[in-house]
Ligand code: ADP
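One chain follows as structure tokens, the form predicted on its own.
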């Protein structure tokens, strides 16, 4: 896959429209995780050092029109601290005031436009809106891998207006993920957790030709356990997807692949703090109880398989890790992955949050993908709209 990269862009003295993914979690007026801000720093600094004027466009949340709590003032302040340089935050992303502010910029200045999703034209990929976003800019750089699978004005539309290039983060994401698809070191283990089969079945099926072992946990595993004939009590389980799970298990068996499901689980009537819980075999889940984490035997089983792996891809937690009672499964798997000598790639907001929650250093992983949905779609073999517009024709 050959696409135009930042090293090829003539940005000296130019005004660069930089698409980032600053969709960070905010609670009680504080950014809970600034990973996405930090991951953007190499590209921003590279542009600043080359004398570019950097105009950043991003989104935050899923607003329906202008939403005060989703304004980007907090993000601008945090970014300014990381850059050790003031970041000018504007009150819109298009219009005469924005145009005037951009015209007044000097080399190395950084401006943050207001939340682009305040305008419905963004998600509609409206050509007129894309042209308005690009006004006053000379070059477009996409460094927002987390939104690169969306055909929006700020990810696709502006590439039809300005010369378009991939930022350092996007280039790294594509290189690492392409390596897993094309030439991974064997044996390969895919670890899938989370809740819904619809978001994971695509990559599970794609990796039947790539992975040697599949480890399935989280609520996702409940549907597969049901497909094996286990009773999962009152657990979250997609009964209408059991046949899909059954077909995957049959296909994996036919191809000689190993599929590891939990052999025990931590169960309770619900996740309320203080309620009694117990660890049981998956054969004896009480009818009135929910599976909320994998059990200790499952952690050992999964860890043994991970220790033999040379490439590990992980997306999705093993249980309700936010609750200390149900965190041991995800913690155990996370620590097992971090402790291997394999190429280990982690993706998905919950997985990254879990690693941060457990205090596991990011350096323990070969690569942490900033885009869970985009990562899954890329690894399914789909051509992502935001990547397609960067390809060399």
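Residue numbers count along the first chain shown, from 1. This structure is a prediction, so every number in the text was calculated from the model and none was measured.
Beyond the structure shown, there is the form predicted in complex with the ligand, which is absent from this document and is the topic of what follows.
This chain is displayed alone, yet in the predicted bound form one of 141, 215, 291, 144 has a heavy atom within 4.5 Å of the ligand; that residue is 291. The contact residue chosen from 335, 350, 34, 327 relative to the ligand in the predicted bound form is 350, the criterion being a non-hydrogen atom within 4.5 angstroms. Mapping the unseen interface onto this chain, residue 164 falls outside it, with no heavy atom inside 4.5 Å of the ligand in the predicted bound form.
Remark: residue 223 does not count among the residues lining the ligand in the predicted bound form, judged by a heavy atom distance of 4.5 Å or less. Although the partner is absent here, residue 195 lies within 4.5 Å of the ligand in the predicted bound form, judged by heavy atoms. The ligand is not drawn, but in the predicted bound form it has a heavy atom within 4.5 Å of residue 321. Only one segment in the set 53-61, 66-74, 342-350, 26-34 has any non-hydrogen atom within 4.5 angstroms of the ligand in the predicted bound form, and it is 342-350. By the 4.5 Å heavy atom rule, the three marked residues 219, 236 and 315 all count as contacting the ligand in the predicted bound form.
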